[in-house]
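Presented as structure tokens, the chain that follows is alone, the form predicted alone.
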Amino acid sequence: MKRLFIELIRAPLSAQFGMAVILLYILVALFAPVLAPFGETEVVGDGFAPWGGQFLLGTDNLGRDMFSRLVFGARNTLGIAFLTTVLAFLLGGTCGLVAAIKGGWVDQGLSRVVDILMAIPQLIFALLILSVVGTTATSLVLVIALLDATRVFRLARAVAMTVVVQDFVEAARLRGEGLWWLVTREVLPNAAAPLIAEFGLRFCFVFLFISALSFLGLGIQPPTADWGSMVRDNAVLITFGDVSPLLPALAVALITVSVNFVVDWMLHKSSGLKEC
């Protein structure tokens, strides 16, 4: 713990800013019912009420409090994006490491399946599947996790390929160690740094992808609060000079930039380069 605290203190200002924003978003997501003055789906006033008074950021098109929806949107959007990214890494990372270690027909088979999935544009593929199976939270997580697992697979396989040829992996094979041992004890610890950095970047892509789908009407479904759908529902206000629809977009941009700041710092640390 002390070492971690020292590392955080020595981190550049950009990384500290990113970690502070990430921590703030996590706290908002965890304590959303406490921080929000109104319920997530509660209609509390007239549509498009102005800022001020009991409505800090006004109301949306249905008369729901914008500030409360913004707070609950952090829980829904970030939670689903994090769950999707974890699932994508469990699927794609495991398959990539196994493909690199086993080689042969296992590697070829998994790689060709991934090539086929990656040949289809991600957004079009997601729109096609979601329009067929329906847009629920479960289907949204599974579809995006499957599509993103292909990108994780390619990275995990590429990184593992440079590790499996090392002498300590060959020594473990000669000792008769099984596949699980090779994955968890030999390859994964030596491939963790780029995978952790990729997790942060992949989270940003998933987060933006979910927001884009919600803006198009195929993401998180109403009345659940979501930043992408909030921009769509209140976009008409922009023509009247009201910046309310831009607040969810700003929240999306801020967490994306913050995560990238932290990822850049982690990549710099894992590369072994000294601070300038």
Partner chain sequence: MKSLFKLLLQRLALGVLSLFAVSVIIFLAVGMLPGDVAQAMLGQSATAQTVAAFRAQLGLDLPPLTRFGQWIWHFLQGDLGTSLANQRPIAELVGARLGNTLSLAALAALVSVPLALFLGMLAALYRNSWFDRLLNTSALSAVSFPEFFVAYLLILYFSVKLSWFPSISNLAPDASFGEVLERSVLPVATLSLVVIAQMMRMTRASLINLLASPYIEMARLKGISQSRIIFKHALPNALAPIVNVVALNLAYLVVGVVVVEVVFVYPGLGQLLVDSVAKRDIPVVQACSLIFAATYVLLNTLADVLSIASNPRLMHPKG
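Positions refer to the first chain, counted from 1. Treat the numbers as computed from the prediction; the structure is a model and nothing was measured.
Not pictured, yet referred to below: the form predicted in complex with its partner chain.
- Shown without its partner, this chain lists 27, 56, 249, 44 as candidates; in the predicted complex, only 249 has a non-hydrogen atom within 4.5 angstroms of its partner chain.
- This chain is drawn without its partner chain; in the predicted complex, the residue among 120, 171, 196, 158 with a heavy atom within 4.5 Å of it is 120.
- By the 4.5 Å heavy atom rule, the three marked residues 112, 132 and 261 all count as contacting its partner chain in the predicted complex.
- Partner proximity in the predicted complex, defined as non-hydrogen atoms within 4.5 angstroms of its partner chain, places exactly one of 124-132, 181-189, 84-92, 71-79 at the interface: 124-132.
- Put simply, residue 116 is close to its partner chain in the predicted complex: some heavy atom of it is within 4.5 Å.
- At least one heavy atom of residue 257 is located within 4.5 Å of its partner chain in the predicted complex.
- For the chain shown alone, residue 231 is a contact residue for its partner chain in the predicted complex, at least one non-hydrogen atom being within 4.5 angstroms.
- Though the partner is left out of this view, residue 208 does reach within 4.5 Å of its partner chain in the predicted complex, counting heavy atoms only.
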